[in-house]
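As a starting point, one isolated chain is supplied in structure tokens, in the form predicted on its own.
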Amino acid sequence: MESGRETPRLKVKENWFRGVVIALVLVWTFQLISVIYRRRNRLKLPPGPPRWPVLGNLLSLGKMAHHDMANLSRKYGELMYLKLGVVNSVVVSSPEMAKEFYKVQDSVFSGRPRGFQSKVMFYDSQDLILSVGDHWRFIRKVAAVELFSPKRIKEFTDARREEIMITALQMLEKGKAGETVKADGVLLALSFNNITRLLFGKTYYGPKATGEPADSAEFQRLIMANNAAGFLVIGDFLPFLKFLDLGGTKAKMRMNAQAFDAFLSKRLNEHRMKGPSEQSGIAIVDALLQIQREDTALTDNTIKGLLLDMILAGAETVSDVKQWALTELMRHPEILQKVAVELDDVVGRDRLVEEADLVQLTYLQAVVKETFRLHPVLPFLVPHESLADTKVAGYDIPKGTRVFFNTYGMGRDPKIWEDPLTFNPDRFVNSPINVKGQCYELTPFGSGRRICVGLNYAMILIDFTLAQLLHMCELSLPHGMKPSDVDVEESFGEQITVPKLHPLEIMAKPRLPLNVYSEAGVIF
């Protein structure tokens, strides 16, 4: 009876307590919002489009976000403010403004955003691309000395040549059989095999992979699964929705992360079991394990994060650039003819291209630069983040602001480029503009201290592949197809890169005397 009489009192007390808690939370939330609002009103932020409550400008960006950002920047200027959920963001859309971020205040804007993907896929930002501070400086030094030094790049000259020969042979065999070649497939296989041969001394992509069949099948499955997973996690922008997994992106990332970790751990164990005396010292993983024996700061997770950077960030970007270049050459036969004439003048028709020839292939280099300008495969690069409150051009940039470099918009800006929508490599002939990071109108690899450490290696892969394939193969469109029929539609949304939506299909036949191929070991 006593307990029965006390129950209503307990419920009243419980409801009163809940009411007090809710009231306190509402008061605290109101005070917090007021503080943020007052602080934001005191800040002089860059101009930008109107924002929705809570969502900010998220609804302003659709599936083709790089198009939307370019259009908004034309309206709001070279430095634009966006509120992406709770994330302060600025969009940089002029070479002059890019210089301010890349050079003048490089140290302030050298941070990287951290989100679900960096935590789950990249070992809580233990990799090179997403790490910051002392850890980043340590990993960058390792990468610069052991992965992409001139000596290391030279060591893999023969390997690069062999992989390109395999690709050329596949294309010529298809041509001989009267079949078309889908450029995205052969170029992607070439990129992945170049990367994994550099990392592990084996290839894992395509029918001619040299790794164990089960490992090759798993690697190819992982690449396809990662491409299908997407990269946008809404909880990174709207923290109160972290409990949601829209589209299953987080679950897919977790599964991919576990599978990649198992694949990479197996590679580390294989090379570790060899022992130092059995390792060739050429494969990158062997060099990293040697460093680890001398410096335990290089943990297994850091090594795996670095390897994953190269696999996921290095292969597809390089492949996409090459496909866009070939697409534009197929659309412009007169430009393709100029490339052919230069190859014949520099290399001749009695031998194949060597990497030493690349420095003299200035028109081909102009084609690649023009491809970077008109078809940037990383339209925002990898976003930076401000490490402290600062001012730029008289505007306040709060700490933690995300910085997007609008390379897509700058590449198509008539204030920077004459006739910007026309593919015209001649604009780079005898031009001082390069892609090394000091010419802020063209920074496909970024600039400043966060510039891509693999820039030189990527450029060799792009230039050498295009030069060799265009010298060995006479490329043409399928029968009945005109240059004007080749589309330049883009795909964007699932990943941060912009590949061609519809794969380029081409025909290939020998361009050189047949004895040149046989002497090079290419028999078809």
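Residues carry their position along the shown sequence, with the first being 1. Keep in mind that this is a model prediction, so the values were computed, not measured.
FYI, the form predicted together with a small molecule isn't displayed, but the following is about it.
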- Task: Go through 160-168, 202-210, 379-387, 331-339 and give me the stretch that gets within 4.5 Å of the small molecule in the predicted complex, heavy atoms only.
- Result: 379-387
- Could you check which residue among 219, 102, 122, 81 gets a heavy atom within 4.5 Å of the small molecule in the predicted complex? 102
- Looking at 475, 69, 462, 472, which has any heavy atom no more than 4.5 Å from the small molecule in the predicted complex? 462
- Spell out, yes or no, whether the shortest heavy atom distance between residue 195 and the small molecule in the predicted complex is within 4.5 Å. yes
- Taking heavy atoms and a 4.5 Å cut-off, does residue 61 contact the small molecule in the predicted complex? no
- Message: Quick check on residue 404: any heavy atom within 4.5 Å of the small molecule in the predicted complex?
- Response: no
- Give a yes/no on whether residue 190 approaches the small molecule to within 4.5 Å in the predicted complex, heavy atoms considered. no
